[in-house]
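Listed next as structure tokens is one chain, alone, in the form predicted alone.
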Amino acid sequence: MMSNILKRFSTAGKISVFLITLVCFMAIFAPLLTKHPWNQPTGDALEPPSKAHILGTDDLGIDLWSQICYGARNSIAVGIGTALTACLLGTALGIIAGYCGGIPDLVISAVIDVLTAIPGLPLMIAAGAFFGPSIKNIILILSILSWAMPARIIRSKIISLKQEMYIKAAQGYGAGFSYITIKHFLPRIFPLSATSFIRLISKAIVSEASLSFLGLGDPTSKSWGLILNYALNFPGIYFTDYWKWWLVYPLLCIILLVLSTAVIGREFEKILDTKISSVV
């Protein structure tokens, strides 16, 4: 199925898949792709790109290529971990709200309205400062703040599906909630969940980079946002040539990764005809 979908991708979609694959390869095989540690000085401070350090070094003399390779692990882990957790939670609550109605629907819908009404970034900053800087806490915070979007989409779809005659016929023959969900609901909402999953990856990567940029990321593990944080806090970064390698490379990685996931999400939406915009 996936191979058939990929064949229908546009050129931009195929390039995006290639870039995502490249980042995943870089994250998985970081120890093989780097010859310098990501957390120890191996050269002079602020060396420009050279044969010894292909992307240069930071103010401590730590190789930037190593930092970017190992930082890709955090970006991928936060993106996939947050998207998977939020999508599973949102799908489950959306099915319950749409199918059961009544009090469960009122409660879940009220929580969805609250989460979508509150500005996300200030809440993330407050939660990040309260829970402390760690990858697990970042994934937990982002998941709690991100499940409302897929839940609202799934809820609307389930409300529509349960009016179908075959669903009412299954209920008439005594089919329970679990049977109807597994046999009928999940196959029909899979395209919506898959597209939401990809969209959430992009959102989570930007959110993690934002928290790390603000100094709320995990200081014990390198991330692209944390590299930007250290670079922009360096005195005189704007009046020197250091920004050409210390700022540009991690920023370019974030932009390419976010754009790639956004393009892939758009391609899935077009191919699977999820029509998310008409459901939200």
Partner chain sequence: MKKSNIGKMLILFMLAAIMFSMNGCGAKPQQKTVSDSTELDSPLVIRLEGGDWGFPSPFAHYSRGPGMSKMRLIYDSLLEKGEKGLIPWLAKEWTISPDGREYTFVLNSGVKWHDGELLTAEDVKFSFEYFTKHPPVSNSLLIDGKPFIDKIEVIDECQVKITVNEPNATLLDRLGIVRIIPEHIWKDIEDPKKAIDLVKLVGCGPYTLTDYNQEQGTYRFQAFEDYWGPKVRVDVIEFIPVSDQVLAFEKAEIDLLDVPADLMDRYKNNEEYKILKSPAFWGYRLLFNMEKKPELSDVNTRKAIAHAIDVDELIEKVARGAAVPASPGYLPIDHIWHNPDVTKYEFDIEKAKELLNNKSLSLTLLISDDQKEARIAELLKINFAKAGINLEVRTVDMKTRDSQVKEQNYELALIGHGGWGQDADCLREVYGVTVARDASPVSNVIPGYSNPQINELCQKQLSELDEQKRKSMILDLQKLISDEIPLLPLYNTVEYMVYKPEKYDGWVHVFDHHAVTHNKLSYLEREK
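Positions refer to the first chain, counted from 1. Please read all numbers here as calculations on a predicted model, not as lab measurements.
Form predicted in complex with its partner chain: not shown, discussed below.
Contact here is defined as any heavy atom lying within 4.5 Å of its partner chain in the predicted complex, and by that definition not a single one of Leu89, Gly101 and Lys162 is a contact residue.
Its partner chain in the predicted complex comes within 4.5 Å of no heavy atom belonging to Pro191. When contacts are judged by a 4.5 Å heavy atom cut-off, Asp63 does not count as touching its partner chain in the predicted complex. Taking non-hydrogen atoms only, Gly56 never approaches its partner chain to within 4.5 angstroms in the predicted complex. At a distance threshold of 4.5 angstroms between non-hydrogen atoms, Pro49 is out of contact with its partner chain in the predicted complex.
Residues of 17-50 lying near its partner chain in the predicted complex, listed in sequence order, are Asn39, Gln40, Pro41, Ala45, Leu46, the criterion being any heavy atom within 4.5 Å.
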